[in-house]
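We begin with a single chain expressed as structure tokens, specifically the form predicted on its own.
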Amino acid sequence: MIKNQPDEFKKFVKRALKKHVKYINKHTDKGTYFFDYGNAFLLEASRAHADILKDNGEFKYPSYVQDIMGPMCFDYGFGPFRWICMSNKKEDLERTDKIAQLELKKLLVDAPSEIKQQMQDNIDWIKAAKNNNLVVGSQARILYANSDGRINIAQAFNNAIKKGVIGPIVIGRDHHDVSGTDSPFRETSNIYDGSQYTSDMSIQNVIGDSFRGATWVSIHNGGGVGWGEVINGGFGLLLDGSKQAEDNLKSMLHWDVNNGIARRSWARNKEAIQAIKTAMKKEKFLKVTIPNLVDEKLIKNL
């Protein structure tokens, strides 16, 4: 039917979405907590004219980024951090696992209480990664790390490369991250300052990465939520053991994360406000305006 009757197929999809939403609403009327992963269910259900919108036009339900991942991870700068062993040797990947685990353990000691659990989760993840046989093809790994985690791990990799312990590494991240993505139905759905429908953050992110040392940058339409619904900015950074690579990783990774945290703090996400204040204490050249919080009840009474 997809091939021979595409228009008819779309009618069946819309009908199914309406039915799906009807049963979700029945559950939520009885107290069930519902959230959407954010990969276009809410959007497509609304386009099918399902009962998924409030009177003011907003979705009845949050995406998981808005309700869960935003306050837990993205507002603190945690996001997918990847590395690829260019030697394609298993032993290099095993060595990087140990290096990453050691760096995360160091950071855990003085980590704020609000992010200790996230740090421990990453240590547990990387500790068990080999046992889960997750590598297919390239000798690569991924974990969730904040700005400090990414910089410290990358710096330790570069030092190990310099000493000849491992071969060259390329670091990067996927589009599902703190500041490289403008995605109003997922990653930036919790930006309550009205900027969720703009795509300036991903562009600023890539421009900043480009002259702070990225080996390459990319801007692409789509990814996760579909073509036309998101703009993503990505990068790759080669670590070859050189002083230049060390300078690049410190400058670029700090920007790559913190320009997103700055935007989330302007949107008055309390976790992001705390995170950007911490970042400014560590980097004297970072100056971010902190929003003035007001009593919403007071304004309404006026």
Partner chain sequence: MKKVEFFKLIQQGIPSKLPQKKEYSKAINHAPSKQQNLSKEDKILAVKNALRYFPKKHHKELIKEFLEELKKFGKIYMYRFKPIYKITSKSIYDFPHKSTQAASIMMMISNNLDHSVAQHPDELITYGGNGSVFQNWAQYLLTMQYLSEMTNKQSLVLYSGHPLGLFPSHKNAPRVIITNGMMIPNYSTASDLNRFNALGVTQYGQMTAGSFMYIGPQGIVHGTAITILNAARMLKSNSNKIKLFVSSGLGGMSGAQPKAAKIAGLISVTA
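Residue numbers count along the first chain shown, from 1. Values in this document were obtained by computation on a predicted structure and should not be read as measured data.
Keep in mind that the form predicted in complex with the partner chain is not shown, yet the notes after this line are about it.
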Looking at Q196, Q204, Q155, T215, which has any heavy atom no more than 4.5 Å from the partner chain in the model of the complex? T215
Would K3 count as a contact of the partner chain in the model of the complex, using a 4.5 angstroms cut-off between non-hydrogen atoms? yes
The partner chain contact at K19 in the model of the complex, heavy atom, 4.5 Å: no
Partner contact for G164 in the model of the complex: the partner chain, 4.5 angstroms, heavy atom: no
Spell out, yes or no, whether the shortest heavy atom distance between N132 and the partner chain in the model of the complex is within 4.5 Å. yes
Answer range among 267-275, 52-60, 29-37, 253-261 for contact with the partner chain, defined in the model of the complex as heavy atoms within 4.5 Å: 29-37
What residues, if any, in 119-152 have a non-hydrogen atom within 4.5 angstroms of the partner chain in the model of the complex? D121, N122, W125, N132, L134, V135, V136, G137, S138, A140, R141, I142, L143, Y144
